[in-house]
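Take a look at this single chain in structure tokens; it is the form predicted alone.
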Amino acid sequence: MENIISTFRQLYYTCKEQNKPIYETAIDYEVSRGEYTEYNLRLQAKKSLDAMKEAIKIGLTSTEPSPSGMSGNDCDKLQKSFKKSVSILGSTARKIMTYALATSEQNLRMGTIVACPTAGSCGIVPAVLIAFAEDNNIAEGEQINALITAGEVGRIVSNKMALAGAVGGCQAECGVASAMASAALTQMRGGNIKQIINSAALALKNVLGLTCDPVCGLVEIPCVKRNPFLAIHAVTASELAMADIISKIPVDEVVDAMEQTGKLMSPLLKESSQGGLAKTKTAIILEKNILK
């Protein structure tokens, strides 16, 4: 019988008892279910990683507008800005922001992306993981391990609630993506199991209540720009966790709070485009122009 891991507490103690990192425990858990071998799991993770890198590569060089015409050239603008003037952020943070925009804009162009965990949040995990790996010479095998760790964070959260804006708002999409990215980053930086899990807690705790109010009903405004914001949010969570700054609320309780917040959130603010940014004066004008 498989050893069920449905909470972060169970994940932590399983890792400690077996003296294994999160990614190995995650692989063991999936193998125990009898559907995949370790080889299959790592191969699939590599395919996802390669697809993420390809989306970034194409996105960095494209200025093709989205079908609505509302987005498509923000990544290009950011790259040009960074070439002209010095940013207060370091080179890796600049790269993370750029990669997040590149990936998110590729999604709008109907390019190939990895829903991580969703299409609307597709730029966060790739940007953080790949930018840090490039700037710190992280081997591909370690990148795959980090991606598996990120996936395990998303899987455990999804045991509690659906990772969809229509169910829990954007806290369940970009918020969970940020927690996944922070866990992957903390692992690549040499963080221990407690720090990795705590980084996810810190990332999630500080996006509770984030609504999903897409303008014109499209995964575009504010979704595209939200990706670089939440990617940097993931870095902040990792920095705090690596300093052993602990979330006073355990991560499983943070997930419970996120589920409750999602249930309390008005349906008007959960992907229905009936409230929030989607019903501002400018959004209504944009919607009328697109419908024409």
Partner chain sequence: MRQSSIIDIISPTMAGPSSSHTAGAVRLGLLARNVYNAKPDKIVFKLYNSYALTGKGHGTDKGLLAGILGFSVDDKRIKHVFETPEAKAINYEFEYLEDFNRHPNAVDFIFEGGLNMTISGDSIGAGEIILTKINRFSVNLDGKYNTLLFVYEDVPGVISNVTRIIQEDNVNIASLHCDRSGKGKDASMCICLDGEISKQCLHTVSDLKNMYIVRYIKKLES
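Residue numbers count along the first chain shown, from 1. As the structure is a prediction and not an experimental result, all values here were calculated from the model.
The protein also exists as the form predicted together with the partner chain; that form is not presented, and the subsequent description refers to it.
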### Query
Quick one: does E64 come within 4.5 Å of the partner chain in the predicted bound form, counting heavy atoms only?
yes
### Task
Would you check, heavy atoms only and a 4.5 Å threshold, whether M265 touches the partner chain in the predicted bound form?
no
### Task
Give a yes/no on whether L286 approaches the partner chain to within 4.5 Å in the predicted bound form, heavy atoms considered.
no
### Task
Although the partner chain is absent from this view, report whether A200 comes within 4.5 Å of it in the predicted bound form, heavy atoms only.
no
### Triplet G154, A164 and L218 all within 4.5 Å of the partner chain in the predicted bound form via a heavy atom
yes
### Position in contact with the partner chain when the complex is considered in the predicted bound form, options A131, M97, I148, V207, heavy atoms within 4.5 Å
I148
### in the predicted bound form, the residue from I249, I245, M70, A51 that sits within 4.5 Å of the partner chain by heavy atoms
A51
### Interface stretch in the predicted bound form with the partner chain - options 132-140, 76-84, 184-192, 164-172, non-hydrogen atom within 4.5 Å
164-172
### Interface residues of 93-113 toward the partner chain, as seen in the predicted bound form [heavy atoms, 4.5 Å]
N107, L108, R109, M110, G111, T112, I113
